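One chain is shown next in structure tokens, namely the form predicted alone.
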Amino acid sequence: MTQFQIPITPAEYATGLSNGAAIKGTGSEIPIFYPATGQQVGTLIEDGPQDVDRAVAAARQAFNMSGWPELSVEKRVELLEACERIILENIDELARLECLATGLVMTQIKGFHLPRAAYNFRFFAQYISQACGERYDNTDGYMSTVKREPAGVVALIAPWNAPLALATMKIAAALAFGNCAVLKPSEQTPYSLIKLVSLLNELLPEGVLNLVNGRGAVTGAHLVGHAAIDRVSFTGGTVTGREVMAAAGRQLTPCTMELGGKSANIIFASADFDKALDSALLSIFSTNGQQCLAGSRILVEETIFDNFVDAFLARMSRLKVGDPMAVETEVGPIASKTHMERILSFVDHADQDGDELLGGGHRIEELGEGYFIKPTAVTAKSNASTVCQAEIFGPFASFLTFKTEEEAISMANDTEFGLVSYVWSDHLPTVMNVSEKMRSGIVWVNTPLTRELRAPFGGYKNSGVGREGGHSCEEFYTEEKTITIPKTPLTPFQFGMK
């Protein structure tokens, strides 16, 4: 039975951070496990309502009294660039802490997740350095200017599947536009973000960036429903997203929601076969299959269906599943035992729906007590199958076949979600027609998993509310103020009286 080395020895307890100092949480103790071994590696002390109140108060004090919102663009750019550097200087420790609680493959963390986390700060430094203003003149002799001001104190809720890459998009944007923030990581994966916030607090004024730990129903609920919170940015599941919006809505607090997905990966006979095959594997099995962007419904044109599925299965069977610390590993463990069991339950759903199991679908017992699943694929009986409609959020692919463009479009859009669509074809009319008819916020043509940070990122339908990205974040994290001034002295107002 395989035994894997734990990536790093964490502190015994995981605590929140307020004004740069540890919050000694007053709530329950929550165990944290290393997914590759199933072994408890630490304990999180949950922050209760009074702990959240303290963090929010620290952020409000910093916003009102520190001068942070009025900091010059030049100084803010310098700080954001320093945040980028401090991440890169601590990449080894951050990567090990990320691996410790998530089970993400180390080569993927250091090759993509952490470079992206660092770049998020550089991107927003570049964005605010090019900011422009608005001015309007009218024939009545007035000039109006539009000023963007920081929204205030923002709540940032980070997911468990890629904490550093996704949380830093929120942190960098919030800070770039002059806000103060309270970050809540997932209670399953707090270590890397606790370390990141402690590093960033070496650079930032006290109270600008705070962190609280705990479950969504306890810590998260009090944070997002807090009367002193001005914005809520959430990334996570659709069910939880509805609860977050409901809590924030009672205070009329604006929200952005990046939620679930059940993305269609449409592969036409006119596609480059090998590139489409590489993409299909990458889009479903990278990040251990736990990503909202996964191309989990693979729609293949009938004339190439058998060849494509055979090639996919051959490649899938050779994927190296194992120790996330090992260089040769391609797929690591599922993040938690509960989630592993949920993923495997869809094998039973597939059987009940008349789908055909093509490979995988079981726990890898020889890898010990870790949460390892054999990469799995099924041929679905129809798009109505549970495996085609539910977000499984794991290394689990579902195949469907189609004959015509219109059939592919109809099938792809037949879902409650609408985050991402993939289209593979070298026939331009096909690409244009399908791209325009996809009901999703992002359409990737002949490419997997790319991100243009200047462009809006978000989903249709139950995949989210609002967008992230350069201008989208500027709109969300700021308030617009119109200032109107007469350009010449006014004559006395007569109101019709002499």
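In this text, residue numbers run from 1 along the sequence as written. Remember, predicted model here, so these are calculated numbers, not experimental data.
Not on display, but discussed next: the form predicted in complex with nicotinamide-adenine-dinucleotide.
At a distance threshold of 4.5 angstroms between non-hydrogen atoms, F457 is in contact with nicotinamide-adenine-dinucleotide in the predicted complex. Contact between E391 and nicotinamide-adenine-dinucleotide in the predicted complex is found at the 4.5 Å heavy atom cutoff. When nicotinamide-adenine-dinucleotide is considered in the predicted complex, E187 lines it closely, a heavy atom lying within 4.5 Å. Contact annotation for T240: at least one heavy atom lies within 4.5 Å of nicotinamide-adenine-dinucleotide in the predicted complex.
Using a 4.5 Å heavy atom cutoff, G220, G236 and G261 all lie near nicotinamide-adenine-dinucleotide in the predicted complex.
Contact annotation: of the candidates L200, L419, A412, A172, the single residue with a non-hydrogen atom within 4.5 angstroms of nicotinamide-adenine-dinucleotide in the predicted complex is L419. For the options L94, A181, V378, V224, the residue carrying a heavy atom within 4.5 angstroms of nicotinamide-adenine-dinucleotide in the predicted complex is V224. In plain terms, the part of the chain that comes close to nicotinamide-adenine-dinucleotide in the predicted complex, with a heavy atom within 4.5 Å, is 208-216 out of 349-357, 115-123, 208-216, 100-108.
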